[in-house]
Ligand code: NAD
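Read the single chain below, which is given as structure tokens and is the form predicted alone.
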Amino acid sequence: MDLQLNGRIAAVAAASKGLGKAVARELLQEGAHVAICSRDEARIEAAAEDLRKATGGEVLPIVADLTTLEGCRHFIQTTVMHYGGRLDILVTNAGGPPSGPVERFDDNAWQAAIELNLLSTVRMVTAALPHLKESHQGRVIAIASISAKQPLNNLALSNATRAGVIGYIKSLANELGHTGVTFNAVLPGWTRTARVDDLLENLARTRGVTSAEVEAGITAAIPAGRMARPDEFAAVVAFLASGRASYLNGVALQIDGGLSQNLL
């Protein structure tokens, strides 16, 4: 299947590792030119070099702090300027907020989580929209979490802010679907990344068990019987970014091996 991504310009946020990096790699393999960002210069430069070696594609590393309005604007504006005023695909993403019991978090923690996960999405989309509207294949894909539909213990900050991202994406789809730009969210379940490894360790300490025991309990509840690989998640994002997904709009798509049992 031709995904019609060859030569498209994509901006993938928080792509120095994990799901963001996997998405960048998938888009590069399909022929897109990809800008990636992180607040850590050494990390994003290393990630760009890894991606170039793995795919032979064109990668633009950008240092940007997505918890700030200036950082979000800088990421989008630098991408657009580098690629001659063009932007076709925006994949919003950010690291997860801290895990822990809900009563542990004070007002500062909540504000930081909102800045990190919800406002970063709003700010990047706002900066990107004028350019996406000019594209014949404008796409916004927001990486959220399955916790937005099925809240997970010890992840109150993520549960709440990721749900806000879905509400925002559906609002965009409803109000701006006529522009030709599509707006969708992807909800990864348990996917083998460094972030998930950290969560397993934190849960293990909380419960007084090993991380292997925590993982066994989690995978027992997944119909697929295992956690996802990052490349499996990235393949779905690439399809949503493609020309073949032109009539998918306002979707909050679970990529969780069947874990979530909700009907809506």
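Throughout, we count residues from 1 along the sequence that is shown. Just so it is clear, the model here is predicted, and its values are computed rather than measured.
There is another form of the same protein, the form predicted together with the ligand; it is not shown, and what comes next is about it.
Contact here is defined as any heavy atom lying within 4.5 Å of the ligand in the predicted bound form, and by that definition not a single one of Ala142, Thr179 and Ala241 is a contact residue. Residues of just one listed stretch (166-174, 100-108, 127-135, 86-94) have heavy atoms within 4.5 Å of the ligand in the predicted bound form: 86-94. Taking a 4.5 Å heavy atom cutoff to the ligand in the predicted bound form, the contact residue among Ala32, Ala234, Ala35, Ala64 is Ala64. Ser16 belongs to the set of residues with a heavy atom inside 4.5 Å of the ligand in the predicted bound form. When contacts are judged by a 4.5 Å heavy atom cut-off, Val214 does not count as touching the ligand in the predicted bound form.
Taking non-hydrogen atoms only, Ala48 never approaches the ligand to within 4.5 angstroms in the predicted bound form. In the predicted bound form, at least one heavy atom of Asn117 sits within 4.5 Å of the ligand. Taking the ligand as it sits in the predicted bound form, the stretch 185-201 comes within 4.5 angstroms of it through a non-hydrogen atom at Pro188, Gly189, Trp190, Thr191, Thr193, Arg195, Val196.
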